[in-house]
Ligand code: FRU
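The chain below stands alone and is given as structure tokens, in the form predicted on its own.
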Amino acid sequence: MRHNTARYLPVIAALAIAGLAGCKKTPSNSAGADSHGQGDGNPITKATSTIGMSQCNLGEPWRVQMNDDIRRAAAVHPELKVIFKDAQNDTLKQRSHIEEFISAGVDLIIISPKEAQPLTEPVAKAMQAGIPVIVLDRRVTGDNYTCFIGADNRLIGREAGKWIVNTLGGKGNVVELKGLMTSTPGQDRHSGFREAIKDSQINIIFEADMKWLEPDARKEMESALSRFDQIDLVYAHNDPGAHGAWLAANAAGRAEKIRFVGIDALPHEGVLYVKQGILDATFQYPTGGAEAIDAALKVLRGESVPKEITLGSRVFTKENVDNGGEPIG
């Protein structure tokens, strides 16, 4: 007996559609959020938007803090997923991070570059691929990025120089322990400082690139101590550098006669060192982690963000540390 299957096709099609509707997978969300993003502003189009974060290294406490700030800020937005990568102070490795993020098709990239020039090309490639890029802390060359977030390092260096001139009465022997001088913060903290002291009688008797690392700073300070009997102050481009210099001077029995100035002012590091009497001053350099997530959310919603977001800074000394420091600039 032949069956006329044609007359059953509408019923079969209807059952198939109903079955698909019942089995349709809800968009996955590894962070456990609904698909509408935040309650305020426009919804993010995907249930989970992926951000690739490339950190130049995690050997500096300040950079660990930056990652923590990003992680904490993203945690209250469960529609976001952040993938962290550590370049371990290797520029080539950081370039490969960006290439990996592009290949993976992430929705947005945050990068804190090790060096400006070598990271410019991969950032431009991400932009060409339609992936927004937020550059955090250290710049790349040119302006082919979505947004740069960071404090004014030249201003901080200049304010540190003014504080040093005032503290030393306009004259004295100073050691400058510089951050990585192929990075823009190191260059700006140096040039701002030199600008502030140029009309004084401050003598830079020793300078070295300690690459932001405390052990390197300690070794360089040991060299300075062996060469110079009179050192009035150490200006280090970050607090680990200033602390490394203090350790060297303390081991040589000379720390009490030298002042120490650093930059970063993390609560558990530079600010604590001021409270302990190790540092005489530290200048705040905010990580920008929370601000990066705020900007990322706006970009992912299709909102505009400023090309440049400049973060404020404060100075902490023994006179004001218990009151939260004082703003500079």
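For clarity, every value in this text was computed on a predicted model and none was experimentally measured. For every residue, the number given is its place in the sequence shown, counted from 1.
This protein has a second form, the form predicted in complex with ligand FRU, left out of what is shown; the following refers to that one.
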* Asked: Where, among 300-308, 272-280, 56-64, 287-295, do residues come within 4.5 Å of ligand FRU in the predicted bound form by heavy atom distance?
  -> 56-64
* Closest heavy atom of Arg138 to ligand FRU in the predicted bound form, within 4.5 Å or not? -> yes
* Asked: Does Gly157 reach ligand FRU in the predicted bound form, with heavy atoms at most 4.5 Å apart?
  -> no
* **4.5 angstroms heavy atom contact with ligand FRU in the predicted bound form for Pro185** => yes
* Asked: Are any of the heavy atoms in Trp212 no more than 4.5 Å from a heavy atom of ligand FRU in the predicted bound form?
  -> yes
* To do: Taking only heavy atoms into account, state which residues of 68-101 are within 4.5 Å of ligand FRU in the predicted bound form, ordered by sequence.
  => none
